[in-house]
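Quick setup: one chain, the form predicted alone, written in structure tokens, and binding and motion questions come after.
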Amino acid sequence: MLKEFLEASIRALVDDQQAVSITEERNGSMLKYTIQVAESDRGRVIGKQGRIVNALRTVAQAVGSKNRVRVQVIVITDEGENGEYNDED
């Protein structure tokens, strides 16, 4: 359910919807969502001063806390590690 929410939200923000890919990893009580977007759409997903990605993280963490799961949301670009944006709380 959370993955579908993130995917719909991200696809609404970006120009290149085909480049959007979200992977979900579960490790015990930790859920990690890695969102991959095109380099040109990275700024749209992150937003000014990280506001958009932080809002997505807040919603994800609220859903996770309700289900007693810790949630981490990471945004990367097609470039992989070089274009990674990982600003965790």
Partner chain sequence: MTSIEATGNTLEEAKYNAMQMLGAESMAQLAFEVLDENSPVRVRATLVEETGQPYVLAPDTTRKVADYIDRLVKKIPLHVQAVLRGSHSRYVEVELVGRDARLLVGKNGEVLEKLQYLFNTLVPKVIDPHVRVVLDGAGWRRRRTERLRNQVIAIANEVKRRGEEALLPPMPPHERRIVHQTLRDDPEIYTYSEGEEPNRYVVISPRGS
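Residue numbers count along the first chain shown, from 1. Small disclaimer: the values here were computed from a predicted structure and weren't measured.
In what follows, reference is made to the form predicted in complex with the partner chain, a form of this protein that is not presented.
For the chain shown alone, residue 72 is not a contact residue for the partner chain in the model of the complex, no non-hydrogen atom being within 4.5 angstroms. A residue is said to contact a partner when one of its heavy atoms sits within 4.5 Å of a partner heavy atom; residue 38 fails this definition for the partner chain in the model of the complex, lying far away.
In the model of the complex, the partner chain stays beyond 4.5 Å of every heavy atom belonging to residue 29. Looking at residue 17, you'd find every heavy atom of it more than 4.5 angstroms from the partner chain in the model of the complex. Taking a 4.5 Å heavy atom cutoff to the partner chain in the model of the complex, the contacting residues in 11 to 35 are 12, 13.
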